[in-house]
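For reference, the chain that follows is the form predicted alone, supplied as structure tokens.
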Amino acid sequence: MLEVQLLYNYLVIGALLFGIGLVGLLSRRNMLIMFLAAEMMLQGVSLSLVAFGRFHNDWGGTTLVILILTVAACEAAILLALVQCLFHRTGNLDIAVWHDLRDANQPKFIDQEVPGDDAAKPEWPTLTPAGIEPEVDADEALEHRIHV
């Protein structure tokens, strides 16, 4: 009975990892976050495989997890090299910017416009230079501190 409860606990944690990874993969647009979410999904499946292998006294699940981890390490190296090349090419990790990598007959998916290079620069507030007293309207100053 204890082994069944332990299996259920491992399966719940594996399902939570997979679910969190799925939500992260579907809701984010940053390439690195999507990659980490996919890896979290893979770890959830791996945990479930090891739990089933331990429950059934079989090494099949553990050996499959070792194979999965090996493939995931190779995938991570290739994907990070691709992300680095694409970041140097576009200067952005947003998936929507990389529509030019699609096939020629595929339409672009636009859920919100990506700002271009011609976007207005934000105006940051500035402080009054040292030694210069800021200009204050006399009527406004009296209204502001009338209760003092």
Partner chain sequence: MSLDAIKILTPELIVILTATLIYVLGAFLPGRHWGRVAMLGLIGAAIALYCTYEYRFWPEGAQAPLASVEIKGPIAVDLFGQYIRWLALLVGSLFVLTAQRPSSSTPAAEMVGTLLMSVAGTMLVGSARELGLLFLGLELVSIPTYVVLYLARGDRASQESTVKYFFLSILSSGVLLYGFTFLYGLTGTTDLVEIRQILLAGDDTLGAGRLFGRLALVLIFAGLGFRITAVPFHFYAPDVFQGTSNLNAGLLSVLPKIVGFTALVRLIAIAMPGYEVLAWRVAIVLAVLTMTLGNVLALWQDNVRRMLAYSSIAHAGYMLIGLAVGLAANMEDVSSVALFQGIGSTIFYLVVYGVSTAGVFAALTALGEPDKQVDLLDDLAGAGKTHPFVAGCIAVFMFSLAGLPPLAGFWGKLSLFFSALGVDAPTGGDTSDLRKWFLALAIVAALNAAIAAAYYLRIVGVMYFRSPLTTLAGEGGRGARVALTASVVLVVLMGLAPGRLQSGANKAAQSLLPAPATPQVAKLP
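Residue numbers count along the first chain shown, from 1. Note that the coordinates shown come from a computational prediction; the quantities given were computed from them, not determined experimentally.
Omitted from view is the form predicted in complex with the partner chain, to which the following refers.
Although the partner is absent here, Gly24 sits far enough away that none of its heavy atoms falls within 4.5 Å of the partner chain in the model of the complex. Contact check for Glu123: every heavy atom lies farther than 4.5 Å from the partner chain in the model of the complex. Taking the partner from elsewhere, Val4 is found to have a heavy atom lying within 4.5 Å of the partner chain in the model of the complex. Among heavy atoms of Ile20, none comes within 4.5 Å of the partner chain in the model of the complex. Along 30 to 47, these residues reach a heavy atom to within 4.5 Å of the partner chain in the model of the complex: Met31, Met34, Phe35, Ala38, Met41, Leu42, Val45.
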